[in-house]
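Two forms of a single protein chain come next, each set out by itself as structure tokens; they are called structure 1 and structure 2.
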Structure 1
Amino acid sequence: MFFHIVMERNMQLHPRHFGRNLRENIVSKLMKDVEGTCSGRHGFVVAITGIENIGKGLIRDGTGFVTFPVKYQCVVFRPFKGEILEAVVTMVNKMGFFAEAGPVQIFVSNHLIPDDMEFQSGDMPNYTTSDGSVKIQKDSEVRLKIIGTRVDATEIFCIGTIKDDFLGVINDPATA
């Protein structure tokens, strides 16, 4: 789920950023460009934890920009099949519901919701048990299991289930 890895990136810097604060300018530009992004290979970059090395800059012909190779340590979030996550429901419809766990969006199909839960339409669509004791609606917190992931170049999509032991609603905003 969370990994501490070393990554490399070439940073381009305008000459106006040169001077006494060159290192700080490179690090702040790196943080701005990298934190919160997603690479399909490594996952979502949560935070940069350290700079291992900033190499010698190479001047780009005709532009004046300088390219610095930077090696840095960061914490990344990458979900895998079989992991259990806690997520917040963002949308409910008759096909299932979408939930978010940090930066990743997870879809839970109505086939992967326990059989005793029925879809209820209306102004606040939800899945409710027959006795009404458990309700999944927008802003509910659920514990789910990832059963599949699809990785694109810049995004990770997941399919989840709550049809297993110890999975389902943890916190319902309607009862709070």
Structure 2
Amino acid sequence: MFFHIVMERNMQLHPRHFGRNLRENIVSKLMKDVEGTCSGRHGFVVAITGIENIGKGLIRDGTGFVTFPVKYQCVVFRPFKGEILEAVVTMVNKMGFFAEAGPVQIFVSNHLIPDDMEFQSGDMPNYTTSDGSVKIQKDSEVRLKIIGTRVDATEIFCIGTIKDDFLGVINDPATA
């Protein structure tokens, strides 16, 4: 899910940036530093939408660098265990398939794909029901439930399932 939250960060600035453009310099450095990053607690920072306030700078002894506490609003994407969302299938193999929902990758193991769907190899590997009516392949849109997340310093990775009511393919590129 996407959220709009307020975050805080201490920005260290070199004295050469001081002057009448100080504020712009802080903001552009903040965008460069923060947008596109990911933390386990807040998820992926997609975009900064506004600056709430920039506090008083504190000069670091010995270096001349100044630290400014900056409060800013941003759009983040944070997946949760138990959340249901839609995703695009990016890769299919006999172990299961990978799907993407925005910046996050979700793996759905073949144990968590309904039992009546069989893996078919070929140049377009896919999972198909025995009557051929439902097919999951690259670029299919699926609705899935996140059942686990793994967080490391710079990435969030999810495990999903489509073995539940109202989950599964919502749009098949072959028939659309």
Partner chain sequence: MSGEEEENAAELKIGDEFLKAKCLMNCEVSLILEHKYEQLRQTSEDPMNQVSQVFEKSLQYVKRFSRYKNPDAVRQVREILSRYQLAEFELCVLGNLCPETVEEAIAMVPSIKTKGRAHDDEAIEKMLNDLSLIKRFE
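Fair warning: this is a prediction, and the values are worked out from it, not measured in the lab. By convention here, residues take numbers in order along the sequence of structure 1, the first being 1. So that the term is clear: the rigid core is the largest set of C-alpha atoms that superpose within 1.5 Å between two forms.
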For this session: Please match the form predicted in complex with its partner chain to structure 1 or structure 2.
Result: 2
Seminar exercise, completed: Per the rigid-part fit, hinge between the two structures among F77, N126, S140, L30 is F77
Seminar exercise, completed: Rounded to the whole degree, the smaller rigid unit turns between the two structures by 18
For this session: Could you tell me how many Å the Cα atom of P69 shifts between the two structures when the rigid core is held superposed?
Result: 3.7
